[in-house]
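A single chain, nothing else alongside it, follows as structure tokens in the form predicted alone.
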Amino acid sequence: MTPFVRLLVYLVAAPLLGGLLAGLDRKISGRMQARMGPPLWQPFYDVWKLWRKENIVVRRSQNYYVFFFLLFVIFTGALFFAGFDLLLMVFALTLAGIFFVLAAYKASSPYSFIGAERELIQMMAYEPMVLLTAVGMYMAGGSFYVHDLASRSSSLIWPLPGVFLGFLFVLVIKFRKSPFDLSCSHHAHQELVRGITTEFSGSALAMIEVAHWYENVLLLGWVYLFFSAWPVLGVAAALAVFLLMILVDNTCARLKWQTTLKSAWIVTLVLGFGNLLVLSFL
């Protein structure tokens, strides 16, 4: 499959798969909480309803920042699935997160302001480990290009077990799951006011939801990259990680931001940097 074809498949299939995963998340979470849960297609109904609603904003520039947030998330996934530079992908995803934070700051609401501050704390927590994951793949695979890493005959999980475990730890933050869902949570019982997304409505909130769908598919694709030498195992590993995120989300209470930051940095230092240090001597 050519990079252009993979890019087209990603642009079309990622929001469909991401929406289905969001619906599966709600369904499984509901069963874990002794209730039926919404229909599997509920996330699509919600986004469609948001697109049709009036978009009320405090400042019009909010919508531009949200649009660029969505655009850079899609661009990041396009880089990944077309097989381009992994390091550039990390920087593009960080830029997308910054646009999301700027959109919340523009709302001039104390609730969205606090949510934006916590989003920045989350970024400080997970970014070092995400960057070390890209560096570790370069050290083990000899290239930053996703195409080269995916075409290897041996799996990246063998030289990078610590990096993989550290990446799983910060994925809880990236997926916005408890105990690290500091800036906002998709569970209604945990939120009186919905953090960073408090002042968004209508199409802007719909774009945020779709951006998260694209991002979740990208992150699961990165999990697959660790096992790409065995495609079936890679898909199974990505699905297992997704189910693990749901389990952790429904069994853990939210932690303080200080604990989130410290624990993420300790994991990055011990598992991530420690793995790279051992790899450099082999």
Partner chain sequence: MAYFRMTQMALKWAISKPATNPYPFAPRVIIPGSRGLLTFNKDTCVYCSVCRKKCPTGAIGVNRHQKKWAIDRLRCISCGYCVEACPKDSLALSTSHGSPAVTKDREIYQGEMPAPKAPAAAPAPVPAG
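Residue numbers count along the first chain shown, from 1. Fair warning: this is a prediction, and the values are worked out from it, not measured in the lab.
What follows is about the form predicted together with its partner chain, which we do not show.
Colleague: What is the one choice in N63, N55, S228, N250 with a heavy atom within 4.5 Å of its partner chain in the predicted bound form?
Modeller: Contact with its partner chain in the predicted bound form is made by N250 alone.
Colleague: So, in the predicted bound form, is M32 in contact with its partner chain at a 4.5 angstroms heavy atom limit?
Modeller: Yes, contact at 4.5 Å.
Colleague: Does its partner chain get within 4.5 angstroms of any non-hydrogen atom of V232 in the predicted bound form?
Modeller: No, no contact at 4.5 Å.
Colleague: From the candidate stretches 55-63, 214-222, 250-258, 42-50, select the single one in contact with its partner chain in the predicted bound form, where contact means a heavy atom within 4.5 Å.
Modeller: Among the listed stretches, the partner-contacting one is 250-258.
Colleague: Mind listing which residues of 135-171 have a heavy atom within 4.5 Å of its partner chain in the predicted bound form?
Modeller: None of them.
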